[in-house]
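First comes one chain, alone, set out as structure tokens in the form predicted alone.
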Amino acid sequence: MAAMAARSADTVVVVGLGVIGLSTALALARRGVRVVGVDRFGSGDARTSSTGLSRSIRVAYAIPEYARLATEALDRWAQLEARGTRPIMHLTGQVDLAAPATLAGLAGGLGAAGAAYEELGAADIRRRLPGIVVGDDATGIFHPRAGTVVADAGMAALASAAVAAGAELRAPEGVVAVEAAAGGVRVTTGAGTIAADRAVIAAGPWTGELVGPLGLDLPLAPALAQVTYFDVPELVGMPAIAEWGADDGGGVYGHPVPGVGYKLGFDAAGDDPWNPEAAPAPDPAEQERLEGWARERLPGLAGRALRSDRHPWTMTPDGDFTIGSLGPITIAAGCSGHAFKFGPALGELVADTSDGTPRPAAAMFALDRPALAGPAPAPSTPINR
């Protein structure tokens, strides 16, 4: 189908106001498009993916397109922060611990993005992460443009900027259906029908139920991920950490959280089912396993867990996002556990996709890529990006 030319007089309905939906609403509104954003619960609700105190941000990706997208996101988060009153980013750098082959891939991505990094031996790792326990043969890298996005501040800044740019944000208002109609789209909500020129579906784990009637069977796996916060305010200046699992096995990541201390999580969700209507309850057994990792690697965190939170994310078979258009309807789905950091950069990419503006990096997220022709992954598949 031929690309649709962007028209400032267009009306676009954005379904879902998580980090990608809000970022897309902002990007489109700044282009002069009339934007109506709709969310069944409201941004940041505990039942949604874009909730919680913090998210990690890093440029260390083995795939150069991701490293470049992360660099763009850092710049865009900084611009939002400069226009607001609350800090959004807390950048202390990140130490990645992994086998040499994995580190070589990360270094390649960092180099392709023009990002600085330092290769680390065991002594360097201990210097960067005081109190960490590693063997004398440990290897890692450190890159400074990494750390933490203060999630609620970032979401508030996106919403405020979108409204200031002219977007109308409606919540709570559930969307029942999105369908192509003569001259555009028709979006049916619990409050009525919205006629528009285009629509963007960025509904997180609810995406499948909205795109199925469009004839699109996406292999998405909603899953429940858990993180644990530790009461160690003295470590709020410590770098973030990622210990990559061997042979695509699960690993652990963590980062400082201003006002709290430090946060840790496994890079894989559990297998228990996602309930679309309920805020997920934490799993004490998973917290215990994570505290066991902390006792071995970062013993300064032992015994100081404050609480654990759970939230949904949506895995794809290859760990890449799913972004593309079916005529006037654009889909942005499959966060795969690592999308939040990219928020404002993904908003621009999704807006370009809706406008019909080609973006070379978008090919890896295409709706017709081979990975989306197979079955959905297990919910507990580790993040591999």
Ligand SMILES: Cc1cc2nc3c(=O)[nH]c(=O)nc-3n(C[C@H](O)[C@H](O)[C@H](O)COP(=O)(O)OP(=O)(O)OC[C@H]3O[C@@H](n4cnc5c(N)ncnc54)[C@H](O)[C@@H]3O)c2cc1C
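Every value quoted in this text rests on a predicted model; they were computed, and no experiment measured them. The first residue of the shown sequence is 1; numbering continues from there.
If you look for the form predicted in complex with the named molecule, you will not find it shown, but the lines that follow are about it.
Of the residues given (257, 103, 225, 157), 225 alone sits with a heavy atom within 4.5 Å of the named molecule in the model of the complex. Taking the partner from elsewhere, residue 210 is found to have a heavy atom lying within 4.5 Å of the named molecule in the model of the complex.
The closest heavy atom approach of residue 50 to the named molecule in the model of the complex falls within 4.5 Å. Residue contact check for residue 205: one or more of its heavy atoms lie within 4.5 Å of the named molecule in the model of the complex. The named molecule in the model of the complex is not approached by residue 142, whose heavy atoms all lie more than 4.5 angstroms from it. Considering the named molecule in the model of the complex, the lone stretch of 355 to 363, 340 to 348, 63 to 71, 323 to 331 in range is 340 to 348 [heavy atom distance within 4.5 Å]. With contact defined as any non-hydrogen atom lying within 4.5 angstroms of the named molecule in the model of the complex, the contacting residues in 38 to 63 are 38, 39, 40, 41, 42, 48, 49, 50, 55, 56, given in sequence order.
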